[in-house]
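Listed next as structure tokens is one chain, alone, in the form predicted alone.
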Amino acid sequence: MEDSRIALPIGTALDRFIKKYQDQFKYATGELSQLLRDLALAGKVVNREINKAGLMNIGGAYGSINPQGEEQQKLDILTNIRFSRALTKGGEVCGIISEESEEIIYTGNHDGNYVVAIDPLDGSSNIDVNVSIGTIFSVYRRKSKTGMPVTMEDMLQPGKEQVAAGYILYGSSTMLVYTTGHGVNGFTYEPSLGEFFLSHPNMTIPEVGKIYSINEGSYNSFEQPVKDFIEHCRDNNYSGRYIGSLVADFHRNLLKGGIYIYPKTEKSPEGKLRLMYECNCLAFIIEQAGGAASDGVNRIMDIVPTEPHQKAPFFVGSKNLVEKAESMYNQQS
């Protein structure tokens, strides 16, 4: 029997992959590579704690409200601490904006060249029912001079200024998917070795998708163009798939081809998803994978943010579906 049949290769480890391709980044000094490793390490810690949530007293509500007016879960607080600590101790990040923090988190690393926008635990309301959840992050280079405290100008950059973005999906397997502007690659966590290994190289979304993901229970509060788009999907026998966990819905559509929509509603007239640490990140990833992201009218990554927790309507996925949704708005104007 050939040796290769006895011991199949396990793939490229994340650390080796980052080192191999870090020179693609025009500011290549090793700082961004270390930052990505810090995020991956925090993801491993969070993965461990999520897997123990049913055995330890870290599930359920914490008893406080986040800046978005949502009830915080215990794991929301815990993951915010884990990622903030990892990014602070790494030294490359001078400031963080997080869904779980009202103000900028100042790391004290005044010489750091990067700022991070993060949703530490997206979909946390699904923790107690064992549905896939995730972490979403965006990385930008600071605009202000190093050696000084981070400024709001550093934090409020449009999505097109991102240098890296990614998400960690905690599901039947744990995956880290990220881009630095040179395509999208996915890594699956191997817990017995404690490593992420390349499992989905050069990820691309099918240009023609046939899945639509939206909370149709809110149909009556949608704008007419969104209702028209849903009718278009129904008329073409597209599959409706909605988990209610942004990272999980996005990940499925990235692999299978489809569109995720969270539009304006009567209850959320500006949309519900946050531009800085949800929409921009996933928009960067989907564009690198060959898809598109829009607020229904404008490219998501062209929107200039005005405050850290700004919200936006979100249409993200296969080009044919995003363009069709935009056409519905154009017909109304």
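Quick note: we count residues from 1 along the sequence shown, nothing fancier. Every value quoted in this text rests on a predicted model; they were computed, and no experiment measured them.
Note that the form predicted in complex with a small molecule isn't included here; everything after this is about it.
- Checking 299, 44, 272, 37 against the small molecule in the predicted bound form, a heavy atom within 4.5 Å turns up for just one residue: 272.
- Of the residues given (168, 117, 205, 121), 121 alone sits with a heavy atom within 4.5 Å of the small molecule in the predicted bound form.
- Heavy atoms within 4.5 Å of the small molecule in the predicted bound form are found in exactly one of 101-109, 233-241, 85-93, 254-262, that being 254-262.
- Residue contact check for residue 245: one or more of its heavy atoms lie within 4.5 Å of the small molecule in the predicted bound form.
- For the chain shown alone, residue 146 is not a contact residue for the small molecule in the predicted bound form, no non-hydrogen atom being within 4.5 angstroms.
- Looking at residue 215, you'd find a heavy atom of it within 4.5 angstroms of the small molecule in the predicted bound form.
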